[in-house]
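The chain below stands alone and is given in structure tokens; this is the form predicted alone.
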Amino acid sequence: MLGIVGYGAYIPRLRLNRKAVTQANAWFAPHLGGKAKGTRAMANWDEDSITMAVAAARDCLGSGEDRSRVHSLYLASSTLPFAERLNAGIVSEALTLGDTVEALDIGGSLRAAMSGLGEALSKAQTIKGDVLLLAADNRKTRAASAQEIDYGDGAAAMLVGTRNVIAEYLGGGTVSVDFVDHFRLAGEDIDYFWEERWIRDEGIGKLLPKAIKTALKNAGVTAESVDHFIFPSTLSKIDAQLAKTCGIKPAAVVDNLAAGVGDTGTPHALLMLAHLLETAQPGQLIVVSQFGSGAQALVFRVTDAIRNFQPRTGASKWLARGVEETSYTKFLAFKSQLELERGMRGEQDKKTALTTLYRHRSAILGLVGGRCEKTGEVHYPPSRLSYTQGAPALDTQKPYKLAERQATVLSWSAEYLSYYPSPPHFYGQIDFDGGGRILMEFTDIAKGDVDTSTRVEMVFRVKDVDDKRGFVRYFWKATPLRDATAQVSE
């Protein structure tokens, strides 16, 4: 059996109030008032496609340290931070997958994640192990545009293999056509769009039915037997119209999360799938489709094994964790579309020593410390010398992963003196369960969220950006545990 063996999702905690956007731009674009309902997912300043992909992967893989089952890693996105650097390689280091993992970036179309899922399914048939497909987008839009309101930020993960399959792959269909509904030239940040009626009638209306019909035929199932139909789009009711055209019952159309999240772009079909799989029942048929430079559809049947898998957090809980944001200027600043005064303290050169980054990549990107075999003490950063007072020892440390361990705040501070993209700057000493102490930044917090003895977990984020050279530095940060069921880890 071949198919999905695990899934995960990630939705940023901040949710931009759409009314705040329409009110800020009412002087220029009063016609956007009709879009003032609900919220859209908004990435924090220290989040991008890489960090969100890592979060979705951890949601899928769980907190276990052994991830040797992952043979290949695919990262699909239309907003990869680096044009010349393997973005999937950064993700692999953060997940501590090992040097032998095959890592690949996929882009060029909004259905890149669907194409990646198809490739992952093909790959999984020929290897011993699983293929981890990640998809994430953090798109920029023009201010006072419909896309600014309709879009959202997020990520999804699908683990594909042949063991313990929870959604069996039955067949797929693809239509590859150079239909340009929007485009973005290399070096540009914002897409150019063509008119909506053209996209709806000539693009989606004609290309998607072909892909879906082929997928159903290859899967050997009828349209009437489909239990869940996934099609992400910002066009109102187009999913229901498409289902009707294809002969799929109206009740099968899956909620596209537009009201609270928005359209996350490349990952959105898989994000909807991850959300659906939380409640899907054995035997149900799912059609997942997406539009972009043509169309693609894949058909899955849910198996009994669905009862044996749960994501670490899951899309539903990410949705529940949302915090409304009403500051439109904060949104623009976090998207690097509004330059704020940094003051002299924000002028320092942030050049990264690439040699140092390479030598210490496990400690920096994977948050791997060292545990002394003699004393059991945990040291970070790891070193050849274990500096236990009165008992120094040489070459006794073994790699000790900290990213999946919870911790407790020992001391903390919040200050406005230095430049920080989202003041105040929260940081402090944290003690890990099982040993290890690090001075860490805190993220995704507001005043009152952190105090001495607050329980925290680790998240992979942007540390800072070298504006002179365009290099992004990544590291781990602490954020408060927000699940009531959180327990002290061993």
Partner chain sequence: MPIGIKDKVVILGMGCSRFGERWDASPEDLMIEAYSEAMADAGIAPEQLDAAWFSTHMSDVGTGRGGLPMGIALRLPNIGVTRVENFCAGGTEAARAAVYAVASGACDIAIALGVEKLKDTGYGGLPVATVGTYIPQWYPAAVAPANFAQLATAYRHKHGVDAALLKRAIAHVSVKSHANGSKNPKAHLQKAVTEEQVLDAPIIAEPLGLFDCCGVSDGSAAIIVTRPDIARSLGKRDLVSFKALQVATSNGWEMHSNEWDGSYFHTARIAARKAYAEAGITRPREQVSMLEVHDCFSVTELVTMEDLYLSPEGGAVKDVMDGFFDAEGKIPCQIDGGLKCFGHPVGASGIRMLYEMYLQLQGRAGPRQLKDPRIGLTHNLGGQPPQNVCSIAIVGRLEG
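Positions refer to the first chain, counted from 1. Keep in mind that this is a model prediction, so the values were computed, not measured.
Below: the form predicted together with the partner chain, not depicted.
Colleague: With the partner chain left out here, work out from 116-124, 272-280, 311-319, 385-393 which stretch has heavy atoms within 4.5 Å of it in the predicted complex.
Modeller: Selected range: 385-393.
Colleague: Report whether the minimum heavy atom distance between L185 and the partner chain in the predicted complex is within 4.5 Å.
Modeller: No, L185 stays farther than 4.5 Å from the partner chain in the predicted complex.
Colleague: So, in the predicted complex, is I438 in contact with the partner chain at a 4.5 angstroms heavy atom limit?
Modeller: The answer is yes: I438 has a heavy atom within 4.5 Å of the partner chain.
Colleague: Do E457 and the partner chain come within 4.5 Å of each other in the predicted complex, heavy atoms counted?
Modeller: So E457 does not count as contacting the partner chain.
Colleague: Does E415 reach the partner chain in the predicted complex, with heavy atoms at most 4.5 Å apart?
Modeller: Because a heavy atom of E415 falls inside 4.5 Å of the partner chain in the predicted complex, the answer is yes.
Colleague: With the distance limit set at 4.5 angstroms and only heavy atoms considered, check whether A363, V378 and S411 all reach the partner chain in the predicted complex.
Modeller: Judged in the predicted complex, A363, V378 and S411 all sit within 4.5 Å of the partner chain.
Colleague: Only one of R345, R307, K237, K374 has a non-hydrogen atom within 4.5 angstroms of the partner chain in the predicted complex; which is it?
Modeller: Looking at the other structure, the residue within range turns out to be R345.
Colleague: From the list A333, A146, A258, L357, which entry has a heavy atom within 4.5 Å of the partner chain in the predicted complex?
Modeller: The option sitting close enough to the partner is L357.
Colleague: Residue by residue through 428-465, which ones have a non-hydrogen atom no more than 4.5 angstroms from the partner chain in the predicted complex?
Modeller: Residues within 4.5 Å: G428, Q429, D431, F432, G435, G436, R437, I438, L439, M440, E441, K447, D451, T452, S453, K463, D464.
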